[in-house]
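Below sits a lone chain in structure tokens, taken as the form predicted on its own.
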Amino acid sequence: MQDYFYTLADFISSKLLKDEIYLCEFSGEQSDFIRFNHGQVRQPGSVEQYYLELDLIRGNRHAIGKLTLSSQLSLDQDRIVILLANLRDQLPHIPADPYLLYATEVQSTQSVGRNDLPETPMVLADIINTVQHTDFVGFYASGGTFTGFANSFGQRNWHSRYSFNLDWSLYYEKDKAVKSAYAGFNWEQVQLQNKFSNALTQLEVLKYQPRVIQPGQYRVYLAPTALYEILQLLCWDGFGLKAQRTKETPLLRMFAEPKKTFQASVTLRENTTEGLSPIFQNQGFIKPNQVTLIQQGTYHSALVSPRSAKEYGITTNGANDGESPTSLDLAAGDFPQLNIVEALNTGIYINNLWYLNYSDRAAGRMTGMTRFATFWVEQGEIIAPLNVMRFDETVYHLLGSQLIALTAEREFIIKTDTYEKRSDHSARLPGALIAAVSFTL
């Protein structure tokens, strides 16, 4: 599809009027999807789709339109001609955009991912053989995702990756389930078996009488998947320049005096090189390999979109319009995962969280619910499942004063969203042992 996209880009260039500029983004996927229920295939399917988004610019006015590509050149060229005409008609009626900024220096790139994925029937056999005789529910998505950029200055960028994501739960009864996931670029059956074996062990504990504990502060272990929920919420305005300047960031106290900080073991990066998302964005700017957001517990750098760069007079680092990380990377700690239950001693082992939101955004305080397999641990042993509980805590406690350790092992997580297309957001995260987390009910 790379050559096809570049052919369309050249065609768009040939149709421009002399005072017009265009920016163009290509997105597409070739994906297999399989849904499971009761350990059996419920719905297999595949999706092949390609889209082209065109931003037509004249002076400081611009209009954006999008179309679905058919992969038939003459048909798609006809649609582009119609789209260009529609956008051209809109331009005189659109106000000038004072923060419009796009790359004018040509920086063409190409990053073609290796396709090491096995054929889907082979993976399907691995899954069915592993999960037989259980109430296994979930979905498997795999295949290639493709992103391209072109502009009328001659810049051409291409990015492709081939990945898989198995998101699943093992059910005992009603709302009692263990949730897990396995994602990556190279399928290994032994990895699936290890994760499934661990889930089966936890499923047995779910059959015990649930423990009810009173609201209060408890020692907690957050598995990487639970920590991911917290960091995903923090990514909502936590690391963008505009949120800082408008004081809407939940990390506001990191800029106040005295400055709040996290533990020195916390170093958080936007690590584009090792993620799924491309190194370019839809205004043509190239991202650095890494942007350090938090360095040893202290705020380091912001993500700066082209619009914020223009508004605040700062150089962009190729952030997306929302200035949120897409390839989050939290540095590993030095605590062995194998010893985490013993180190927790007495407290709460949390696999998953959900329904998170800010309860006091300016203070970095968030609230949410435990989900699926959450366990009560006594004297270094998992004793019983816990009924659902609500936590309410600041990030300065979770990642700061109350953080005991991060695990040496990290998990690679691909966001499971498939709205319009498979998400290219990912994260590499350790687990976190925390001395005290407040539970309100």
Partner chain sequence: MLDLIKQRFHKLVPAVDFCSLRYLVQHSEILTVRQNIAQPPIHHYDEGVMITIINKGGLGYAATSDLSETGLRQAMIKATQWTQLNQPNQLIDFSKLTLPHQRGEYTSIVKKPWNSLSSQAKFDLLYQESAQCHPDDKIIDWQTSLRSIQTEQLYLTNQGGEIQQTHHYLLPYIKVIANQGVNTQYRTLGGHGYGRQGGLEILDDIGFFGKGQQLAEEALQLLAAPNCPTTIMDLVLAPDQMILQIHESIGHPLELDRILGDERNYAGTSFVTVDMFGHYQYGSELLNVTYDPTLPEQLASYGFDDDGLPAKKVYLIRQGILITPLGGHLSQARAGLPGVANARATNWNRPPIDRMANLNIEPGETRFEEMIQSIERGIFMQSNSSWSIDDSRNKFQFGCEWGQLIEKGELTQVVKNPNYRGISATFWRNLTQVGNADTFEVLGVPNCGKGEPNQGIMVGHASPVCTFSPVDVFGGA
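None of these values were measured; they are calculated from a predicted model. Positions refer to the first chain, counted from 1. Each form is matched to the other, and the largest set of C-alpha atoms that superpose within 1.5 Å is called the rigid core.
Unshown form predicted together with its partner chain; subsequent notes refer to it.
Stretch 71 to 79 is the contacting one of 194 to 202, 71 to 79, 326 to 334, 156 to 164, since its residues have non-hydrogen atoms within 4.5 Å of its partner chain in the model of the complex. With a 4.5 Å cutoff on heavy atoms, residue 411 does not count as touching its partner chain in the model of the complex; it lies far away.
Although the partner is absent here, residue 59 sits far enough away that none of its heavy atoms falls within 4.5 Å of its partner chain in the model of the complex. In the model of the complex, residue 168 approaches its partner chain with a heavy atom inside 4.5 Å. Contact annotation: residue 435 falls outside 4.5 Å of its partner chain in the model of the complex, judged by heavy atom distances. Put simply, of 112, 314, 106, 128 only one has a heavy atom within 4.5 Å of its partner chain in the model of the complex, and it is 128. Proximity to its partner chain in the model of the complex, taken as a non-hydrogen atom within 4.5 angstroms, holds for one residue of 246, 296, 339, 186, which is 246. Annotation for 356 to 392: interface residues with its partner chain in the model of the complex are 357, 358, 359, 360, 361, 362, 363, 365, 367, 368, 369, 371, 372, 388, 389, 390, 392 [heavy atom within 4.5 Å]. With the core superposed, residue 274 shows a C-alpha displacement below 2 Å between this form and the one not shown. Superposed on the core, the two forms barely differ at residue 335: its CA moves less than 2 Å between this form and the one not shown. Superposition of the core reveals a Cα shift of 2 Å or more for residue 130 between this form and the one not shown.
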